[in-house]
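Encoded as C-alpha cells, the following chain is the form predicted alone, with no partner shown.
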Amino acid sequence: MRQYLKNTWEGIWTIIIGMKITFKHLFVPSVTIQYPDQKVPLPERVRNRLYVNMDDCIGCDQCARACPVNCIDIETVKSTPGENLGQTSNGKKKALWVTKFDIDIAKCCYCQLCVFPCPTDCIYMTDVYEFSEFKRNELIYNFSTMQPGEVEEKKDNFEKFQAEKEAQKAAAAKAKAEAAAKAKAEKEKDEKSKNNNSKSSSNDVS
C-alpha cells in the first residue's frame, strides 16, 4: 500500500514539475517569426550563393583556379582585331569572349576563395540562401549571356583569323626562303664570275 501511494505521488509530482515549466513559458511573448514572410537579418559577412556580373567578367579564369572543389567551369574565345568587346566598369579592356561560365552550386563549399582573386570584382556572394531544387542539374547556374549560335560564330571567326595568320606566316616564310635562295644563287653566280675572270687573267699573263 505504501509503495502504491509513493508511486502515485511521484507520478503527480512529475506532472506538476512538467506543468510548472509549461505555465512558465505560456505567458512569455513568442520569440518565433512568421517564416518565410519574416526572415532573420543576416550577418554582414555571410557567405551564400555566388553571382557573376558578366558585364565586368574578362574571362581571366583566376576564380576557377582558386576554387578548391572545381565547381567553376569557364571557357573563352579570343577576340579578333575587328571585334569590340567594350570595357568593364573599372575601365579594364576586354580581350576574351566568355562563351561559358558555369557554377555548380551543389559542389560549392562557400569558402569565398574565388571572390578575392577577381581583378574586376565581378564575382561575389549574395544574401540568397534559399535555392533548393528537385533536380541536381538545376543547381548548375549558367551565367554566360552568349547564345549558342553566337558562341559558334565567335569560334569560327577566331579559327578563320588563326588560319589567315598562319597563311600569312607561311607566305612570309616562303618569300623569305625564296629571297634567301635568290641571294645565294646571285652570290654563287658572282663568285663563279670572279673565278672565271681570274682564270682568264692568268691565261693572258702566261
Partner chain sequence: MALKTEELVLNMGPQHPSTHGVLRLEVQLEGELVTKVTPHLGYLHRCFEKHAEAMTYPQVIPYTDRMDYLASMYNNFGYVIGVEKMLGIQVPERVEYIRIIMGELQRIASHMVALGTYGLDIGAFTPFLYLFRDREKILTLFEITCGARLLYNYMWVGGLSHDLHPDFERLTREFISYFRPNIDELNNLLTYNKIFVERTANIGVLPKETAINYGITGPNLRASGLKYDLRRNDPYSIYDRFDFEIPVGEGLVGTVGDCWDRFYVRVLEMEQSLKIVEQALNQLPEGDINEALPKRVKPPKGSIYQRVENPKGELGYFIISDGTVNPFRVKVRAPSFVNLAILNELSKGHLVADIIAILGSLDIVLGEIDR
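Between two forms, the rigid core is the largest collection of C-alphas that superpose within 1.5 Å. Residue numbers count along the first chain shown, from 1. Here the structure is a predicted model, which means the values were calculated and not measured.
Same protein, other form: the form predicted in complex with its partner chain, not shown, and the subject of what follows.
Chemist: Any idea which of 173-181, 139-147, 159-167, 44-52 reaches within 4.5 Å of its partner chain in the predicted bound form, heavy atoms considered?
Modeler: Among the candidates, contact is made by 44-52.
Chemist: Is there a non-hydrogen atom of residue 128 within 4.5 angstroms of a non-hydrogen atom of its partner chain in the predicted bound form?
Modeler: Answer no; every heavy atom of residue 128 is more than 4.5 Å from its partner chain in the predicted bound form.
Chemist: Can any non-hydrogen atom of residue 17 be found within 4.5 angstroms of its partner chain in the predicted bound form?
Modeler: Yes, residue 17 lies within 4.5 Å of its partner chain in the predicted bound form.
Chemist: Please run the contact check for residue 185 against its partner chain in the predicted bound form: heavy atoms, 4.5 angstroms, yes or no?
Modeler: Taking the distances in the predicted bound form, the answer for residue 185 is no, it never comes within 4.5 Å of its partner chain.
Chemist: Taking its partner chain as it sits in the predicted bound form, is residue 67 in contact with it (heavy atom to heavy atom, 4.5 Å or less)?
Modeler: Although its partner chain is absent here, residue 67 would touch it in the predicted bound form, with heavy atoms inside 4.5 Å.
Chemist: Who in 106-136 is close to its partner chain in the predicted bound form, meaning a heavy atom within 4.5 Å?
Modeler: The stretch touches the partner through 109, 111, 112, 113, 116.
Chemist: Core aligned, does the CA of residue 26 move at least 2 Å between the shown form and the other one?
Modeler: Yes, shifts by 2 Å or more.
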